[in-house]
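Listed next as structure tokens is one chain, alone, in the form predicted on its own.
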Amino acid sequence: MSDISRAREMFTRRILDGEGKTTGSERQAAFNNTDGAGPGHSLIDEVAKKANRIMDEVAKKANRIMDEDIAAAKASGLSEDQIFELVICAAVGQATRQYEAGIAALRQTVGEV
């Protein structure tokens, strides 16, 4: 594993498993861009459902996030720290999916599949 791969893995583990104001399940759901409703997830509550909209925006259209979106997340009961953590997880999750898709395409192109 290269140094950058190890650093990326450590960073991801830190944001998903480290201490925070949100639960690991909430951060994982933001990272995966899911609402956490799948089997084994127990995080779904009204706050998480409302916050899910902004996490989806971060993953798909981050340039369209407005102050009003953050205000809506705050109004749903999330603190600024919680919003920050979930936004970071959503952004890193989306970047990870794009990175992995790019690496897979590159490997397929050079015949490493």
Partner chain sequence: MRLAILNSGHRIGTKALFAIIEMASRQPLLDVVKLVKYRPDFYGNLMGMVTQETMRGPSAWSVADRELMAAYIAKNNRCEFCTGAHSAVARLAYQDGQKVSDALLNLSTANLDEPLKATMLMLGKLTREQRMDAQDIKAVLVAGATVEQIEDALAVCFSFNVIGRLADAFGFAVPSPKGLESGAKYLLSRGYR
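Residue numbers count along the first chain shown, from 1. What you see is a predicted model, and the numbers here were worked out from it, not measured in a lab.
Here the subject shifts to the form predicted together with the partner chain, a form of this protein not shown in this document.
Participant: So, in the predicted bound form, is residue 58 in contact with the partner chain at a 4.5 angstroms heavy atom limit?
Facilitator: Because a heavy atom of residue 58 falls inside 4.5 Å of the partner chain in the predicted bound form, the answer is yes.
Participant: Is there a heavy atom of residue 98 no more than 4.5 Å from a heavy atom of the partner chain in the predicted bound form?
Facilitator: Yes, residue 98 sits close enough to the partner chain in the predicted bound form that at least one of its heavy atoms falls within 4.5 Å.
Participant: Verify the contact flag for residue 72: yes if a non-hydrogen atom of it lies within 4.5 Å of a non-hydrogen atom of the partner chain in the predicted bound form, no if not.
Facilitator: No, residue 72 sits far enough from the partner chain in the predicted bound form that none of its heavy atoms falls within 4.5 Å.
Participant: Within 4.5 Å of the partner chain in the predicted bound form, counting any non-hydrogen atom, which residues from 13-28 show up?
Facilitator: 14, 15, 19, 20, 21, 27 sit within 4.5 Å of the partner.
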